[in-house]
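Shown next as structure tokens: one chain only, the form predicted on its own.
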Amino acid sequence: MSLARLVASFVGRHRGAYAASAVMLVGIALLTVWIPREAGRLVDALVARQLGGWALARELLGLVAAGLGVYALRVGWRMRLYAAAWRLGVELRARLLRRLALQGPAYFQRQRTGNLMALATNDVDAVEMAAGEAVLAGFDGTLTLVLVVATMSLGVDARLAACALLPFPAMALAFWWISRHVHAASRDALDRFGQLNDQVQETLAGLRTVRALGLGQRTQAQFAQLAGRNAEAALRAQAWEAAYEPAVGMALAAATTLALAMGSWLVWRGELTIGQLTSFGLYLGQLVWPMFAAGWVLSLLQRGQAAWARLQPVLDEPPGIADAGTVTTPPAGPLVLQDLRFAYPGQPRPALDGVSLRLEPGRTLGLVGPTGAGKSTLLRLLLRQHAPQAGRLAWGEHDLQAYTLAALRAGIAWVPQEPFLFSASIADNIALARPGASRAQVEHAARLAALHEDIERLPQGYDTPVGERGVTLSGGQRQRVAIARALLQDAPLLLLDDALSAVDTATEARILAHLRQARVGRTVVIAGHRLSAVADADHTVVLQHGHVLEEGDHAALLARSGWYARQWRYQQLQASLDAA
């Protein structure tokens, strides 16, 4: 969809506000052409000594009232217009967020967060201005131009009007040339603002690393360089936009000179009155707004087109996660994986290749194996962050793709290795999926995650703010907040993706003991490197290079003396040494 079609569609849906604004602009235009005509009539009456006293006062009050009417109508149309254009910004930002929410991890590996933030701010603002100010200002300027030129030609003198309008074709050509440069400069300025946003976002997110590695001066130098480039690009765009004003000024100066010369000659010949020449001069002055409006509208449209050229590919990007399912009830029943295969783009071998297993409801599955074995990939497939390229992945009576994303995710509680905490209190972060949970329920979930004692020691307890991304908490505390959040969610399937990696072995033992109670009747999948986390599982699968290497319960795997048994002995020895 082009920017013109987007704006036309929006204007059509909000035609009431635009129609009201247009009516007010028509009133402004009519008053605008009436005032010079009335002023010219008054001048001729005064020259002929036909008007004075209260009659003159009434005429002057009429002109003042017309001026106040123009002012009131201009305020009115701008209020209606801004209210309508604001809705377009809201719609575009909501549409952008919905589209981004449907993209998978691969998409965000190609995009930069700062640039996406710039799209949602500066770029949407530019499109909003094109749909609001540019549309109505263009209508206002065009209507005023047509009425003023028509009145100059028919109501004053056509010869004088033709002479005064001679410079304007050259001005139109200059506008066309300037607008091409404005578009390119605006696109460059928006791109550089996105790069600057990237730098700010990455620096703030990695501030601890920057400080720890002593990169402060280098980071400041990089920021200063990007800020300078952004300022230069914005200045170039403004410089080209500023070129509209001299073009208007030169055209009006030339028009005024020609009009005065021609008008003086016509007055001398008696073919034009002084009042008519006065009216013509006022009309010529009223052409200032349409001329400036033309430059302003072109500038807004070029900026809007440049912004839309950046926004449209994101809005039109096909969803990375297709939500084409029709089953709206949360899944129930066994999890079935049959000959599952998945490969990441550009990787030499598949992350999962021929994986098959069945997990009955209420049972616990352990997923272990060396780094890169495919454990996290399997969980991502269950979450539908990716779709399998071969094989079958079903939950209950339906394949996973048959469920709507809302239904599927309502049935899953997920704890990643690096959980995300929001800038809110600990209680709010735990109750994120259940905002209506009572404080007692929140505390119970925190006790199950072995977090309650830590929270009690904080200054404000459960009401303590955690800071952005949970920066005030340790890695282990963040993981336990996420575990408490998942347990409070009380979903039928609990996925733990190395969710105990940042806690010590004693705390891990407490959490696992609590989980044994909490997971009764709940299907649980635990992926991790510590075998102690899966020793209690009903069934454990050892993955290596995407294949199932071993499987069975803890005792059976130890008896095989394979990878699991060797890793178990190594980790037990390491735990003994750590304890000593």
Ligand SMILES: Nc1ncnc2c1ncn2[C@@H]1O[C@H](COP(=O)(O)OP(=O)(O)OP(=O)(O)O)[C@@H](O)[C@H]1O
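When you see a residue number, it is the position in the sequence shown, counting from 1. Everything numeric in this text was worked out from a predicted model, so none of it was measured. What we label the rigid core is the largest C-alpha set whose atoms superpose within 1.5 Å from one form to the other.
Not pictured, yet referred to below: the form predicted in complex with the named molecule.
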| query | finding |
| --- | --- |
| Partner contact for residue 286 in the predicted bound form: the named molecule, 4.5 angstroms, heavy atom | no |
| Touches the named molecule in the predicted bound form: residue 375 (any heavy atom, 4.5 Å) | yes |
| Partner proximity in the predicted bound form: residue 103 to the named molecule, non-hydrogen atom cutoff 4.5 Å | no |
| is_contact(residue 109, the named molecule) in the predicted bound form, heavy atom dist at most 4.5 Å | yes |
| Partner-contacting position among 209, 356, 347, 389 - heavy atom within 4.5 Å of the named molecule in the predicted bound form | 347 |
| Contact residue in the predicted bound form, chosen from 441, 417, 122, 464 - any heavy atom within 4.5 Å of the named molecule | 417 |
| Which of 123 to 131, 260 to 268, 80 to 88, 363 to 371 lines the interface with the named molecule in the predicted bound form (heavy atom within 4.5 Å) | 363 to 371 |
| After fitting the core, residue 392 CA displacement of 2 Å or more between the shown form and the other one | no |
| Yes/no, residue 349 Cα shift of 2 Å or more between the shown form and the other one with rigid core fixed | yes |
